[in-house]
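Encoded as structure tokens, the following chain is the form predicted on its own, with no partner shown.
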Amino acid sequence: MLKIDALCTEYRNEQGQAVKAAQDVSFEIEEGEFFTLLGPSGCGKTTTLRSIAGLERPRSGQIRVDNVLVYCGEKNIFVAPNQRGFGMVFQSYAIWPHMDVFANTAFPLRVGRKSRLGKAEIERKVMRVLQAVQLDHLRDREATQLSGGQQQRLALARALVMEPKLLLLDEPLSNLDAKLREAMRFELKRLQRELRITTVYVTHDQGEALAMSHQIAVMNQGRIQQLGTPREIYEKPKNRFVADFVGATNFIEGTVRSVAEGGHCVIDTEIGSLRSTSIELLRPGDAVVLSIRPEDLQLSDARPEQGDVLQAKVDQKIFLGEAMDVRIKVGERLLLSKAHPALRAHVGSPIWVSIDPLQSVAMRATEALAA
């Protein structure tokens, strides 16, 4: 449905200097897929989305939608935004305050390419999407009388009513409070699944990306650092930036002692020898960094029988309700663990740590630092 090839977009800053917002960005999205551009502020994700929408003109590359070129730098092809047939929801919603819910939703049908539709057909299309976003009972309510979540759903309905080939969402949940934002994740996922609409979603929230996406592109400094499923991104990060940005992790430096088939290796570290896996080819003597998620440090009062076993001391505990953040000390090294709230070990008491070698990811130290 969407193919981006070697896209480069830049703009001029206040000093007139060229700033490369997106560099050599390439990815493909299948029809009906929920694809997320994830990264910190200024990484180029919104610029990439706006380039897809036609709101930014890239310097080079190609954008192909449903096998039709909408942008090609080499052939000087640039299809105007209003001719691309995409739906877009902005961070600020951009709801018309002087219109009610029905009029806001019907607006694209009355002024766009489908403005020749009859009154009955507009009524049918509008009520269909309002029902999908559960706003049909509020069709006559003024936009200013809607809650934040209702305004977000109204903006979504207005984008969907045109039956777009692509739905582009630019951090649409960032203005909502935490509880409503979580509820809207389920709502967006339900709508996307039921309507089978191809969606490109921009966010800096790794929780949103992991919960909603089929595929994620993690971006930093204008480039895609890693492309994969949520599970691949979280469990097998390719570099230190991805491991650190997508969830909390412990970084432990070491040197490869031995390597076996399947990427299994033994690493000598400051806290002892640890077994690990790697998605890249490592050799004995390579300097590496291990990434171990807090939930993969299993704590227990009795010595475990499986995994790499270490002895530690409880340094701090923070009770979170459904879990507990526990900072432990192995030798002189502090590590973060996530434990079940039933753990009763007191601060200062000894504790056993078990690490599953399959959950420890090794990456070259030079590549990790460069990323």
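Residues carry their position along the shown sequence, with the first being 1. Fair warning: this is a prediction, and the values are worked out from it, not measured in the lab.
What follows is about the form predicted together with a small molecule, which we do not show.
For the small molecule in the predicted complex, the listed stretch (37-45, 298-306, 66-74, 330-338) containing residues with heavy atoms inside 4.5 Å is 37-45. Screening Asp244, Asp286, Glu171, Glu232 for any heavy atom within 4.5 Å of the small molecule in the predicted complex leaves a single hit, Glu171. When you look in the predicted complex, the only residue of Val361, Val25, Ala21, Ile355 with a non-hydrogen atom within 4.5 Å of the small molecule is Ala21.
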